[in-house]
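Given next are two forms of a protein chain, the same chain in both, each as structure tokens and marked structure 1 or structure 2.
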Structure 1
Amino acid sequence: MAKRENISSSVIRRLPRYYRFLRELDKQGITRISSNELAKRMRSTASQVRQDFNCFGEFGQQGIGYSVAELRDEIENILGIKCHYPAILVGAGNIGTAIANQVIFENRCFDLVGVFDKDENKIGSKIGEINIRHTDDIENFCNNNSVVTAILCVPKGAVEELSERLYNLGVRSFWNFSHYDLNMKFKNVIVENVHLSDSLMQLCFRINQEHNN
């Protein structure tokens, strides 16, 4: 655990997947697992698994394997899953509603504290326990709540103005579902982009390759 500062970004990218598998194992009542077995389940290699876990401490014991719960807890700590950063979501369309429900349901990393939309017909209806507010109320809301993160589920055309407002309110991290490139606009913000169409193009490429071989 003393080693934590050395964790490479590629290891970090793999952590959520390890976390999902370890939670699954825990649910199945499996308390210990070898790197071989974990690698087999994850379609990885034992040496990759050992190398990754070595980055953040001594969890494995030769012949005994890893403690599922310890490893899961440590990854939970590294990722900060219990932090519950206050987040708002803007754009309560289909994707926004789905994402809001997921964030509420998973109840980790972030607490969804506000949902905003500009459509008057949606104002006052609820997602989970949260009232949908008008986007005009964002300033007021953010000034009264320590919002850390904004989840952007609005069309590309709306992001520029919206992100500027949020930035001026002190929001410095974004989960961005639009195709607007926030990193180009602000230098000192954390942006996690979800580009669904990129994922679709990857799938298309792989099907193409298969058909042409």
Structure 2
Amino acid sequence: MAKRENISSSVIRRLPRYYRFLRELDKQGITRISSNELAKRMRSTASQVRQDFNCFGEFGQQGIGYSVAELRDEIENILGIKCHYPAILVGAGNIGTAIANQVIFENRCFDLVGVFDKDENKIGSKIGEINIRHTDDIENFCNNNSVVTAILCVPKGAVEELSERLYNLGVRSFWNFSHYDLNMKFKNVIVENVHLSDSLMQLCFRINQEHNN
């Protein structure tokens, strides 16, 4: 698939939702779906669905709709779900352990190849089948395992130094749970900052709005 420029972040955020819905439809034995039907499930509009897909090519046929299996596979390719990029996780606390287990269980997009922490009491224990290593071993491990992505579950104050360390080892993408907006000075780095508290506050806002109406 050719690289496409200027795809909006809102379209990218919707792609995993399309993928989830299409997988469920496939499991239900539904073979075709129209943009109208898909829009209803997405709580969107048919024109929005078509515009989103047109960012990547022509997938449906007028009057016939979309093949569920083919569209699912196309979105899978767009998202790169079968690429299995080698990833490490740094910070094996409660959140880090939960995320590591989820990545292992899902086994999509990324292969978790290493877990690191500086707590001596955790070194040598396992998450799934992966031994927790000391953060002092990151350099040696990354040099030998072609790590592409780092999942950061460390305290806020540790992120800047750690990210620079990893950058110098060739890591160019970060999934960051550290409550620190990782705006690095390196232009060729991809960062996805995840703030769980932001999501909770959005939920709180919606509840508050509902109660005040």
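The first residue in the sequence of structure 1 is number 1, and each one after it adds one. All of these numbers come straight from a predicted model, not from anything done at the bench. Take the two forms, find the largest set of C-alpha atoms that superpose within 1.5 Å, and that set is the rigid core.
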Since only one of the two is the form predicted alone, can you say which one? 2
Once both forms sit on the same rigid core, is the C-alpha displacement of M201 at or above 2 Å between structures 1 and 2? yes
Do you see a C-alpha shift of 2 Å or more at W175 between structures 1 and 2, with the core held fixed? no
Does R43 count as moved between structures 1 and 2, where moved means a C-alpha shift of 2 angstroms or more after fitting the rigid core? no
Per-residue Cα shift, K187, between structures 1 and 2 [Å; core superposed]: 2.7
